[in-house]
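Single chain ahead, written as structure tokens, the form predicted on its own.
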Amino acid sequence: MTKAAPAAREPPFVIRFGPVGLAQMRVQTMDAAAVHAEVMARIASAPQLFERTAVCLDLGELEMVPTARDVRALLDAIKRAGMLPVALARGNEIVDGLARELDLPVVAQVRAVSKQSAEMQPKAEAPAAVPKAAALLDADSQGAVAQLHHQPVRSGQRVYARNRDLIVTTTVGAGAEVMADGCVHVYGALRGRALAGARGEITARVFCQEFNAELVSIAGVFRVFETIPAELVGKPVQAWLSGEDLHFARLGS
């Protein structure tokens, strides 16, 4: 009698690489008390955005190389304040050594642009009309076109367009998130978060027909809106990046 073949066994897990909501904290001081106070202030101003948010520490702006003990104290201060530091931004061999000593991973930086390249960017140009969606192409997406989304994006939902623009033809609700490696176009109300240039594309822009955003980010540079400027509330708006600064203006003005 022949034995029945064993049933195929499902693997215990599956690994996938994709976009992760990981904020970058560019550390400019090793004063743990000052960082702790600032994190607490950020969380108090926007708890839905910052509380228990995973963050990656970028140590590249520090003038002096920190010790593992200093970084450990900083990590503890951030954690006690309410954020969750989980990684160091990829840097030089010193950063790699710190990461190994602290048992932390290193990840690619959210902003893939140096100070020198930022300074070489042209000055902020006058707002232009909404352009046709221009897809960002790579070896995996030759011929890609903008990703269209025709349903409202509701609280807790995220829509991501990889290597291309994202066009939302309806609304983005409070607590929702729309993200693209290219530009983000919202032909309705933007009440949630919009993140363009998610992989560091500094020429990406955010466009919307009715501006009530919680947060806007371009290539990792972001602004949280606790109070929206009166001239932008509910108006057609575009956002763009010039150097290290985000700019906002009404469309057609």
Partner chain sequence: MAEIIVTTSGKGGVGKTTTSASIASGIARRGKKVAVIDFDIGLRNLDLIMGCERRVVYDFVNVIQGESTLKQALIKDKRIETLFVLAASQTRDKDALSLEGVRKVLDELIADGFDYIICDSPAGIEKGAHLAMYFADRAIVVVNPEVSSVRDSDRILGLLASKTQRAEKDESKVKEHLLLTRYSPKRVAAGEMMSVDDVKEILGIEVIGVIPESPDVLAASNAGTPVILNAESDVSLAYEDAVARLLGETVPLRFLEEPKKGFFARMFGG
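Numbering follows the first chain given and starts at 1. Predicted model only: the values in this text are computed from it and were never measured.
In what follows, reference is made to the form predicted together with the partner chain, a form of this protein that is not presented.
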query	finding
Segment that reaches the partner chain in the model of the complex - one of 92-100, 156-164, 178-186, 71-79, heavy atoms within 4.5 Å	156-164
Contacting member of L84, A174, L148, V107, with respect to the partner chain in the model of the complex [4.5 Å, heavy atom]	A174
Heavy atom within 4.5 Å of the partner chain in the model of the complex - residue from R199, R191, R42, R205	R191
In the model of the complex, D58 touching the partner chain (heavy atom, 4.5 Å)	no
Residues of stretch 194-221 in contact with the partner chain in the model of the complex (4.5 Å, non-hydrogen atom)	E210, E214
Distance direction in the model of the complex for the C-alpha atoms of R42 and T203, relative to the displayed form (3 angstroms or more)	farther
Sense of CA distance change between R42 and A230 in the model of the complex, threshold 3 Å	farther
